[in-house]
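In structure tokens, one chain follows: the form predicted on its own.
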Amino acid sequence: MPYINIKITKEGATAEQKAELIRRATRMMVEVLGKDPATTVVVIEEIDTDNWGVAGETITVRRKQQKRGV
């Protein structure tokens, strides 16, 4: 049973966008690995930007800097 875990920052992905991620991830497993879509599990985890860091900074800080043009 394939298990796909998609992690994204919690920044307003719509239900429709998440449903599309699930459809496409499932289709990829079918097309690339020949897996059964009925047994393919896809989980989307939305992580608060305060809890996700890149290059020593939280995404919250990085987004604020991008808005200011830093």
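If you're wondering where the values come from, they're calculated on a predicted model, not measured in any experiment. Residue indices: 1-based, along the sequence shown.
Below: the form predicted in complex with another copy of the chain, not depicted.
Trainee: Residue 64 versus another copy of the chain, in the model of the complex: is there a non-hydrogen atom within 4.5 Å?
Mentor: Residue-level check for residue 64: no, no contact with another copy of the chain.
Trainee: Taking any heavy atom pair closer than or equal to 4.5 Å as contact, tell me whether residue 68 reaches another copy of the chain in the model of the complex.
Mentor: Output for residue 68 is no: heavy atoms all beyond 4.5 Å of another copy of the chain.
Trainee: Using a 4.5 Å cut-off on heavy atoms, what residues in 33-58 are near another copy of the chain in the model of the complex?
Mentor: Stretch hits, in order: 33, 35, 37, 38, 40, 41, 42, 43, 44, 45, 46, 47, 50, 51, 52, 53, 54, 55, 56, 57, 58.
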